[in-house]
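Quick heads-up: it's one chain on its own, the form predicted alone, in structure tokens.
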């Protein structure tokens, strides 16, 4: 299905519930809030429901305080699922919301998306769902105001790691400039999204970095509940550690392993150009994109590390010599 089919469904909706994935990132929250503001411009009753809280570094976004954790009992005409390749990635709100709605719209850029909606727009060429929402606005008859623009630009910035991923092109930068013209404050967004870490998070990273290992171009570190308790940190404080590890010059692929309180292991993978961690994540039951992916494993930490690192070594070994030469 196409963008126009999605736009037609949204134009007909008088109310909408907007959902996105567990452990929401900047693209999930930014695209959800951006669409919320756009639909409200059309007079629709639009609300965002996320299973997990908005991360602290995204609380500056307009409307972040309105994000709900529970599906309202009245439901809505339409459920819009953003940036989620399967209902499992949305969590409990998906079943509750779809039980109280007539139509599910699925908008995503993950190539592994199974087109689970009644109406689907799956476009892997887009670096961020926020850009998909921005390109949808003209079909909705909406011009982005400052709130909409700020939310959508945040999605563009965060899902391209500050415009540093290979998916960044001149079209994306032109869209970013137009969003700035609409009032989105790019310097503030970068400051809040990337340069706004808590002391607790940094202390956790300091503990995790003591476990740092490097082998065959792969660098990894782990953090455990004991580490988090020692510094008063939460599981969420381990986010972005893999992105930091990838800044190591010798690293081709970076991985962080978070032993969750329930005993499972959350794996976050990042890769430099030429490497595809999405393939490894898919083998493990997760998903993502070539430069950024992840999975959650139901196995002991030591086994999880051994399983993932073995798969990553195979990925590095299978990568063409040309790609490896560029990173050496």
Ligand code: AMP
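Just so you know, these numbers come straight off a predicted model, no measurement behind them. Numbering follows the first chain given and starts at 1.
Same protein, other form: the form predicted in complex with the ligand, not shown, and the subject of what follows.
- Task: Report yes if any heavy atom of residue 89 sits within 4.5 Å of a heavy atom of the ligand in the predicted bound form; otherwise report no.
- Result: Residue 89 belongs to the contact set for the ligand.
- Query: Heavy atoms within 4.5 Å of the ligand in the predicted bound form: does residue 289 have any?
  - Reply: Within the cut-off, so yes.
- Residue contact check: residue 110 to the ligand in the predicted bound form, 4.5 Å heavy atom: Residue 110: contacts the ligand in the predicted bound form.
- Item | in the predicted bound form, residue 296 touching the ligand (heavy atom, 4.5 Å) | Yes, residue 296 sits close enough to the ligand in the predicted bound form that at least one of its heavy atoms falls within 4.5 Å.
- Query: Which of these residues, 160, 223, 98, 85, gets a heavy atom within 4.5 Å of the ligand in the predicted bound form?
  - Reply: That would be 85.
- Query: So which of 40, 272, 266, 47 reaches within 4.5 angstroms of the ligand in the predicted bound form, heavy atom to heavy atom?
  - Reply: It is 266.
- Query: Going by heavy atoms within 4.5 Å, which of 53 to 61, 29 to 37, 280 to 288, 299 to 307 lines up against the ligand in the predicted bound form?
  - Reply: Careful reading of the contacts points to 280 to 288.
- Item | Contact set, 192 to 231 vs the ligand in the predicted bound form - heavy atom within 4.5 angstroms | If the 4.5 Å heavy-atom criterion is applied to the ligand in the predicted bound form, 192 to 231 yields nothing.
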